[in-house]
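In structure tokens, one chain follows: the form predicted alone.
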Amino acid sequence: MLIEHQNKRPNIDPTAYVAPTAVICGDVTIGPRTHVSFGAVIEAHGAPVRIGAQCVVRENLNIRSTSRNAVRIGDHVLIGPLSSLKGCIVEDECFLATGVKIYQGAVIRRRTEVRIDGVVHVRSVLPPNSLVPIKWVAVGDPAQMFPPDKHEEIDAILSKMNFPEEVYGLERQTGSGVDMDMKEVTRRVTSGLADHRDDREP
């Protein structure tokens, strides 16, 4: 399903394939010979989404730009099912396995592999030919790799990357529990998503 959002329509190359149950919303460009599988959701929210040539976008995943961060995916990239890519750059010939999470401002340089359930956190940069092991977390610029049980080490670097500011434009709060003003987070997100009320199928 193609949806016009913020007066912008998806631009799909005639040689690309988009499955009938995929949703392509707004300022999204899909390049030649790219295959978008069933249940994929690709959304442009304020900034464009650009997917290059001969990419494979698997089932039931989400690719989304934000008002602050475009998505740019190069050529010959495979993105596995159940993955989530938000406001990031993925260069040519990368392999992102099942369940990968790539966050706002992250950059994945060419010929990099992120294995099953790997995470590349906000503003983190993976150099060319990198490998993120299964379920590991890449964080920092340049990114360091940590197994998921190294929370303190990950958080020490992540706090400098300032997730609340990068994703929601808010200062990080101190104290236990959530480190953001959730009333303001939800106000901003619901206000931003309200413009979907004007969406339509072209």
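All values reported here derive from a predicted model rather than from experimental measurement. Residue indices: 1-based, along the sequence shown.
One more form of this protein, predicted together with a further copy of the same chain, exists but is not displayed; see below.
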Heavy atoms within 4.5 Å of a further copy of the same chain in the predicted complex: does Gly169 have any?
no
Partner proximity in the predicted complex: Arg33 to a further copy of the same chain, non-hydrogen atom cutoff 4.5 Å:
yes
Is Asp149 a contact residue for a further copy of the same chain in the predicted complex, using a 4.5 Å heavy atom cut-off?
yes
Lys160 near a further copy of the same chain in the predicted complex, any heavy atom under 4.5 Å?
no
Within 4.5 Å of a further copy of the same chain in the predicted complex, which residues of 111 to 140 have a heavy atom? Give them in sequence order, or say none.
Arg111, Thr112, Glu113, Arg115, Ile116, Asp117, Val119, His121, Asn129, Ser130, Leu131, Pro133, Ile134, Lys135, Trp136, Val137
